[in-house]
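In the block that follows, a single chain appears as structure tokens, in the form predicted alone.
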Amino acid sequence: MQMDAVDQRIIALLVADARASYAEIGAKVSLSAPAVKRRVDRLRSTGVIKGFTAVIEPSAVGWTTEAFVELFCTGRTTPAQITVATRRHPEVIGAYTVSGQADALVHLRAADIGHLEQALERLRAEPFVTSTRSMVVLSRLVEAPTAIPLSS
């Protein structure tokens, strides 16, 4: 889908505040509210915008511990198998295939170290996982919502 600079600005504004009204966005991009709505509808129907969501502060709901875990898998493990397995674990907030020695990188959040250890044990019990290497997050330095770079 072709996106122009106005589409990119609308997306950036929605990423910053998904609750902004079409009129508020329109005022910032020099369009009427109905014109913004048409563009947002088009961006949604073409799959550019996948949805709108609330962003929760993990510590506010008691999930204060997080880690990145490198998964090392048996030789014929597919990304689809990793996807299915990691979705079974509520502590998994992201899973990615990666280059390098590991087969996948999994991002976990848990209430505390004990909970993290339990989640790791369950993850390690997946039949295709041969080993893991974990890195516990000490602090989050940069956390940005998904956005596209604006063209100049």
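Residue indices: 1-based, along the sequence shown. All of these numbers come straight from a predicted model, not from anything done at the bench.
FYI, the form predicted in complex with another copy of the chain isn't displayed, but the following is about it.
Asker: Can you check whether residue 126 is within 4.5 Å of another copy of the chain in the model of the complex, heavy atom basis?
Answerer: Residue 126 lies outside the contact set for another copy of the chain.
Asker: Using a 4.5 Å heavy atom cut-off, state whether residue 94 contacts another copy of the chain in the model of the complex.
Answerer: Contact check for residue 94: yes, within 4.5 Å of another copy of the chain in the model of the complex.
Asker: Does any heavy atom of residue 134 come within 4.5 Å of a heavy atom of another copy of the chain in the model of the complex?
Answerer: Close contact exists here: in the model of the complex, residue 134 approaches another copy of the chain to within 4.5 Å, heavy atoms only.
Asker: If we define contact as a non-hydrogen atom of the residue within 4.5 angstroms of the partner, is residue 45 a contact of another copy of the chain in the model of the complex?
Answerer: Output for residue 45 is no: heavy atoms all beyond 4.5 Å of another copy of the chain.
Asker: Using a 4.5 Å cut-off on heavy atoms, what residues in 37 to 67 are near another copy of the chain in the model of the complex?
Answerer: Contacting residues: 47, 48, 49, 50, 51, 52, 53, 54, 55, 56, 57, 60, 61, 63, 66.
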